[in-house]
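Just one chain follows, in the form predicted on its own, and it is written as structure tokens.
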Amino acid sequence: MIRKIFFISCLLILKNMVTGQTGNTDAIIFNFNFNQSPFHLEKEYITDAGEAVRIYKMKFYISGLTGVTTKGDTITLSKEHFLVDAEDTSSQIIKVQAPKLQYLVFTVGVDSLKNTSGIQSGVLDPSRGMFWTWNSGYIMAKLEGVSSQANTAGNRFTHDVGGFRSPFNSTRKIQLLIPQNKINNTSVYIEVNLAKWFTGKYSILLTEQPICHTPGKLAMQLADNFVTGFTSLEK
């Protein structure tokens, strides 16, 4: 009997290795880059439009974290909101418990219910600096820095992307196909290219638009740009 159980176990392991079904997903890890160059806060980078930028703050919310397994099942990974902060490496690792995933789906931003539910705690606490007003709601994503092209005091630029009411709803849903090359990799790696903030879908020039502090056309363009910078890589 023991030999039979051992033999069956070996067959199952071999089958999983062949079909790529081994391993679970235990973490989603966000990494930042700037046009494939490693990203570091306050280091100077050049945008695709030729503007020099030094970014000293980058944060964004994600919510509605779900996945599609390699068997085609859709599962909820977490009902929480997460605040990913370029300054806090621990915030860039989200622990999950799931089978091996083929797709990862999430929303960049805070859901409308949380925007209208009064004072929140944890990562949604207004003290995190990611909240405007009860009328405008949460800042979904924030990018701040300095640029010699910004005609502002201290050459500072501040882009706070927010708004949860139509027609200026800044939340964006992302679906990423997860590479399946390494069957034993238990982490999903998400690269965030911050260069796309300026040129993902629209060309945003800091000489013309260094400030975004309210819902509106510019916030919608920045939201559209930002989500083009997300890709899933095999590590």
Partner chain sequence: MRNKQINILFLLLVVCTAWITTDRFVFKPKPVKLEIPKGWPQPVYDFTKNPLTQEGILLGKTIFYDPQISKDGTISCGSCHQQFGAFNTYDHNLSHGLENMLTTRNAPALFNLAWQKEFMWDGGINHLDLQFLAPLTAHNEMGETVDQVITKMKESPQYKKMFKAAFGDEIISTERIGKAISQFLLTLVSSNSKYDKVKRGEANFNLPEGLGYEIFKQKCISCHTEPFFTDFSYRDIGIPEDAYLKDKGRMKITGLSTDSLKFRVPSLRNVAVSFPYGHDGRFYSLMNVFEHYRRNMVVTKNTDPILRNKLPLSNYEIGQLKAFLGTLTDSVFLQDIRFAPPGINDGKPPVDNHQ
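Not measured: the values here are computed from a predicted model. Residue numbers count along the first chain shown, from 1.
Another form, the form predicted together with its partner chain, is not on view; read the next lines as being about it.
Residues within 4.5 angstroms of its partner chain in the predicted bound form, judged by any non-hydrogen atom, belong to 114-122 and to none of the other stretches in 139-147, 95-103, 114-122, 77-85. Among residues of the shown chain, T133 is one whose heavy atoms approach its partner chain to within 4.5 Å in the predicted bound form. When its partner chain is considered in the predicted bound form, F157 lies well away from it, no heavy atom lying within 4.5 Å. Using a 4.5 angstroms threshold between heavy atoms, S127 counts as touching its partner chain in the predicted bound form. Put simply, F168 is close to its partner chain in the predicted bound form: some heavy atom of it is within 4.5 Å.
Figure legend: C-alpha atoms of P210 and W134, shown here, are separated by at least 3 angstroms less in the predicted bound form.
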